[in-house]
Structure formats: C-alpha cells, structure tokens
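One chain comes next, on its own, written as structure tokens: the form predicted alone.
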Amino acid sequence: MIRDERIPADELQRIDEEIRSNWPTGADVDFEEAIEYHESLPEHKRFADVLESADKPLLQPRAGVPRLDDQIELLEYLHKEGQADLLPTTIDSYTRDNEYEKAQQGLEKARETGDDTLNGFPAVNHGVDGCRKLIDAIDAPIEVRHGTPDARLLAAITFAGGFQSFEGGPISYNIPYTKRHGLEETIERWQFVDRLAGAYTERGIRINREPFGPLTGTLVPPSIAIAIMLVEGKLAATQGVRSLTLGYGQVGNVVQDVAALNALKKLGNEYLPDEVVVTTVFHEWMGGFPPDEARANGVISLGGMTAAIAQPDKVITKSPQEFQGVPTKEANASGLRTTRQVIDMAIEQKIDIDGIEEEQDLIERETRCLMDTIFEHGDGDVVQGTLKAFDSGALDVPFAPSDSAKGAVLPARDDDGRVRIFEWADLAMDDDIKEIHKARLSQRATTEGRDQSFRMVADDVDAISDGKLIGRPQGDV
C-alpha cells in the first residue's frame, strides 16, 4: 500500500536505472556529472533563486517547438521582444504519453521538412546534450512544462540537462488530463520525480517544483484548486523538495481571484514545512477565449490587473490568439507585453477593493474542510487520504476526464461572477458554507428570472469566449 513516505536511496537508484533503460538517451544521465553542470550555471539561470528574490510578479509564457534551433530562436524572441522574465519549454504530446518512438519520428520529420510536426519540444529524444545546448543558449531560467502522468524519464533527462524547474504533479497531471492512469499509479510515479528533485536539492541544486493549479481550467472553485496544491506540495516536501510554486488559475472575478491568491500563499506557508520556500503562480484565463484579438487582449488585461493587485510571484501569460490554438511568436510576445504594461501601470497604485477579506475567509474555510477530510480519510497519511477522498467523492474536480475523480461537482457563477458550487454531490463541506453558496446562486437566479439549473453552468462555460463574464440568458442586461 502506497503511503506518504520518502523513497529510500536504494529504491530511488533501482527505479532510476529501470526508467533510464526505456529510451537510449537515458544512458547519458550521470547524476554526479549533472551536479557539476548545474554548479557551473550562472546565478541568473538558477530558477528558484531568481523567482524567490523577485520584487514584483515575473512573467512566463508557454512555448515549445520540436527542433532545437527553433526552440532556441523562439525563446530568445520571447525573452527579448516579449520581455519574458522566465521561459518555458513545453513538451510534445507523444512524450507526455511516453511514446518516445513516435516523438522520434515526429522530430526526424521536422528536421527533414522544417515543419512543426510536433506540438512541443521532445526533450527525452533530444537527450541531456540537447537540453544543455538549450540551457546554455538562453540567458534566463527555463522551466519544463508538460502534462505527463508518468514524467520519470522526462525528469531524469531534463534535470541532468540543466533544467531547474519542473511543472506538474500526480493529481494535477492526472485528473484533468487522462483516463489511462489511476491516481495511485501517478502518485507513485511522481514520488520518484519529487525524490529525484529532492536528491538534487540535497546537493545544493534546488529544483523548483510547480503543481499545475488550473486543473481542468473550467470554473474550478478556488478551494478545490488550493486543496490539491497543498496536497501536491506536501507530497513533494516529503521527498525533499524545498522550492515549491503553488498554482492558481484565474476565474475572472477580481475579488475572488485576489482572495484566492492571498489564501493560497497563506495556507501554503501554514500547511507546508518551514524549510520549504513557498511561491505562487497565477495562470491567466485558461478557458475559452474570444475569437476577436482585441477582446482577447481585454481578457489578458484583466489578468494583468488581477496580478498587479494580488502580486503573485509569477504570472503565466496568454496570447490574443488563444482562440486559434498555438499562437505565433509575435502574438505570444504581445500577450507578455500587454500583461507587463498593465502590471507596471497598476502595481504602484494602492487599489482597495471591498470584499476581498470576506471572500478570502470563505475560501480558507472551504479549503480547511477539504484538507481535514483528506487527513481523516487517510488517518493522517496524505496519500491514502487523497486516494480515499477522491474514491468517495469527498474530494472532486469539476469536468474531470479521469476515472479517478467522480466529476460530479458542478460550479456556476453567482450574481457577481464569483464561482460557487451548484451541485455538491459528495464533496466534503460544512452545511453553513453550502448555504452561502446556495444563497449567492439564488440571488443570481432571481436577477435573471429563472430557476437554478444546469443551464447556468453551461452558459457560464462559454461566457468569456462570448465576450462577458456571467452566462446571462440572451437578451438580459
């Protein structure tokens, strides 16, 4: 039975040798030599140090293409023209599914044709040498961003390749992404990733870990997102991770988003061990975008304003071409500059908004309910508590494709656009909190002259892409 316990050194070595045999480039990983390489990197390329020492929100886009030279060119452009503070390397879908042979075929085709035949950078196929060429070429810290349920080989190669930040986690890269992997399996796989990061940390190379906060990206109630961030943070800390960036995805109501980011930082410092440095990352709107680029820039600007007020440590930006899919490098840089302009104009202002403290208190109460039920389900063990809470529905994520979550919880916006819970199912929550949500949704129903129903949920999912926040009935003001 898997538990929240540190992987012993001999077991870590056994798993490491086993997973590195899954693809030829794994043979090039040498831990001691990798430590020497990391130690040779200048301070401005050390991800955790740069992030933790910043005095205002740092900006980071998403970006990944298959060929090494093109990835270098893309990141140089986003750094120079987009003024990105931190840079990503987004991994391709075949690698995320551990289909390295297909990734190799796509990479070879990209090299032959010059086309982007993969939707990201196949780091496993490029190997340690290719990763280091990228790290050496770019004059800023770079993070691995992916979506991989089993990221063990990817972590082994990219850590040895010089990357010092790694996104994802056993819940956040399972529940929103896959039906193929059970939650117990992904927790066990990610214990290795975190233990490997911990092993580097113990040698003075602090690998920053970043759980994926937006989850399904669609109207996720803040308390659910925060609880999962805390669980993944605690699991990583057990394995020796000491730099953790907890994520949160914008829901669109400024009061609720600021309150949630405040709660995330406060609860992160409360629930995680003192030796862990906790930072936060704010993901600009992850749902559907308007097709019109001017309106899309409006959505991005709202994210920038929210970041200026809440001041997370990092912001993951979006582009005005989100509706089309993968943006051009010019559009990607444009989204960075739009966000930076709004933050730089607003951050020096004292902006007071009524209701933030009240909303933060509600989010914290809800999150504590969820954390309490996890501890109770596991008799104090976070792994067993998480597995049993998801199995019973006491912990859940809306619109989740994974069979490991019930997906029975349904959110809807209240009359102010804050995300409330319309259908609780078996989610563990105090009755007085449920009554608050019910009252807020009832107020919206009265305003709109309709009953509370699933129609509200469906309308809200499409609202921002239709140019508004709340999915009001057509014709209503």
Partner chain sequence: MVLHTMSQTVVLGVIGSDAHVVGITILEQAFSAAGFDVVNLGVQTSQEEFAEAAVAHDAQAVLVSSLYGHAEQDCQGFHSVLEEAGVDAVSYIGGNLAVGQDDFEQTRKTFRELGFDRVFDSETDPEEAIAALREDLEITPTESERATISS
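Remember, it's a predicted structure, so these values are computed and weren't measured experimentally. Residue numbers count along the first chain shown, from 1.
The discussion below concerns the form predicted together with its partner chain, not included here.
- Only one of the listed residues (F399, Y200, Y77, Y271) places a non-hydrogen atom within 4.5 angstroms of its partner chain in the model of the complex, and that residue is F399.
- Across the options 360-368, 174-182, 103-111, 227-235, residues that bring heavy atoms within 4.5 Å of its partner chain in the model of the complex belong to 174-182.
- For A458, a non-hydrogen atom is located within 4.5 Å of its partner chain in the model of the complex, even though that partner is not displayed.
- Of the heavy atoms in T218, some are within 4.5 Å of its partner chain in the model of the complex.
- Under a 4.5 angstroms non-hydrogen atom cutoff, its partner chain in the model of the complex lacks L68 among its neighbouring residues.
- Though the partner is left out of this view, L441 does not reach within 4.5 Å of its partner chain in the model of the complex, counting heavy atoms only.
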